[in-house]
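Here you get one chain, nothing else, as structure tokens; it is the form predicted on its own.
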């Protein structure tokens, strides 16, 4: 046993999730495999088992509590990296229709291997978010799209909202967030067909502060978005 399954179950309960023994076993394997794979591919700076449980796994499950996702929804994780929040959500909600996007194929190779080991079904896509947002296969097809601490809120919005279908939700997971970042982010939402639905401040098990921003897709995103990466970087919304 690599992680404390008791801690895993307790932290999950704090996020409104009652884990089965089978799910706890999958989280145990995930943590062990992550640390083993991390020796050859840089996936995470967090390698302490308890910190993996608290800062990666349980924090990912906050999407269930605060994002109020439905178990069988079509969910995209943008810039997934080592699989957060998407893979923990899939372990807790096996009915989730999950797509994982990342621009770094070495990270996706880890996720493909992990999914095979755990028997998880997910679409694992090597594509930049701004390219996915222009692709009719993915554009405005997801019930929920999430990104975890990837970029400024207004930049994340342009990556993610084009992927959300009308009436769907963009879920931005942040640590601390400044008033300026909030203001800029909120202004960007309306340009992309979104509207602030809720903003939730919470603390994870160790007391660290987190924020989840929920953005409802209220109208179609203009075809001019997302722009290419150089435009997004030089002139964010």
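None of these values were measured; they are calculated from a predicted model. Numbering follows the first chain given and starts at 1.
Just so you know, the form predicted together with a small molecule exists too; it's not on screen, but the next bit is about it.
Quiz item: Is there a heavy atom of residue 107 no more than 4.5 Å from a heavy atom of the small molecule in the model of the complex?
Solution: Although the small molecule is absent here, residue 107 would touch it in the model of the complex, with heavy atoms inside 4.5 Å.
Quiz item: Heavy atom to heavy atom, is residue 142 within 4.5 Å of the small molecule in the model of the complex?
Solution: No, no contact at 4.5 Å.
Quiz prompt | 4.5 Å heavy atom contact, residue 127 to the small molecule in the model of the complex | solution = So residue 127 counts as contacting the small molecule.
Exercise. Although the small molecule is absent from this view, report whether residue 102 comes within 4.5 Å of it in the model of the complex, heavy atoms only.
Key: It does: once the small molecule is placed as it appears in the model of the complex, residue 102 has a heavy atom within 4.5 Å of it.
Practice problem: Consider the chain as shown here, without its partner, and state which of 73, 93, 150, 115 has a heavy atom within 4.5 Å of the small molecule in the model of the complex. | Solution: Result of the distance check: 150.
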